[in-house]
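One chain comes next, on its own, written as structure tokens: the form predicted alone.
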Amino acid sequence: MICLVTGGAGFIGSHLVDRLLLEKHEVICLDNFDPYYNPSIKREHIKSAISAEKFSLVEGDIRNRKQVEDIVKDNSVEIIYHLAAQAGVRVSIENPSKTHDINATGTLNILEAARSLGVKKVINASSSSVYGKMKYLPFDEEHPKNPVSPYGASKVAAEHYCRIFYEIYGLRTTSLRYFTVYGERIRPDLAISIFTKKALNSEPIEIYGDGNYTRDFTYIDDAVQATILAMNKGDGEIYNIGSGKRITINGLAEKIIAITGNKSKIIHTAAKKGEAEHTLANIEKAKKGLGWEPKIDITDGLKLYVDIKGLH
């Protein structure tokens, strides 16, 4: 298959690129290297892919509709893995317009190009942030969508566009609601990255609020496996992609400290706005529809990640 991976130099995107190349697909990576975090980190992510015969990098932006159409047309793209996004709840609160432009309008550009140029399928990266205010746990895919940040709202919009393009135009789409993915190449602004760096240096770990809010963490290999499976399954569907388990942020910090064997102290500061209180995925639909199941639990995943960070 000829695959376009938008946001292919990012955390999940670069792992997906590596997997697609390993499976002998042709891969075009589209990334704008936004300075949301250091672009050199993203370039390091795709360093090994650059030398691959079936890999090509296009530096561009999904907000540029003509550029997206040209990439799809010139490369006869068959599958689009759409992972490009303005990530970050707090960033979306500071700049909701940019978040909307990238996550909603950018997704519409991808879908329009796919529809008009005969792309076989679009797999859309969504987020557990679409749920927002908790009515019950675990979240199943039918749980009300009440996002508590512009980021979550933009992901709801993107999902609806994917659904509409499937129902009205017959464009095959699948949306995957990732629950806090972590592992090698994780974004430097995410908790596991920050906590691990602090713990390895025996520095205090800062937790916003009381730390009793919970998260469902998904190891990167599990997330990529689900994404690959969606190439041929789940047309018109939305799936939760999580571990089906949760841990408090206090518990996460304590686990990382224990794994590193260091003596960092935990300190609590004021809570931040826009953060969901709890996340927990019901993954039964993904098990049945995609034939997918997570393999790596939080303890083993953190050990793998700490081992990698400890080597650098």
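The first residue of the shown sequence is 1; numbering continues from there. Please read these numbers as outputs of a predicted model, since none were measured by experiment.
Although not depicted, the form predicted in complex with a small molecule is the subject of the following passage.
Between the options Y178, Y161, F139, F195, the residue in contact with the small molecule in the model of the complex by a heavy atom within 4.5 angstroms is Y178. This chain appears without its partner; in the model of the complex, the one residue of V119, I205, I71, I102 with a heavy atom within 4.5 Å of the small molecule is I102. The candidate spot formed by R19, G183 and V224 is out of contact with the small molecule in the model of the complex: none of the three has a heavy atom within 4.5 Å. In short, of 73 to 81, 229 to 237, 148 to 156, 165 to 173 it is 148 to 156 that has heavy atoms within 4.5 Å of the small molecule in the model of the complex.
In the model of the complex, at least one heavy atom of S126 sits within 4.5 Å of the small molecule. Looking at V91, you'd find every heavy atom of it more than 4.5 angstroms from the small molecule in the model of the complex. At the 4.5 Å threshold, heavy atoms of L30 reach the small molecule in the model of the complex. Using a 4.5 angstroms limit between non-hydrogen atoms, R187 touches the small molecule in the model of the complex.
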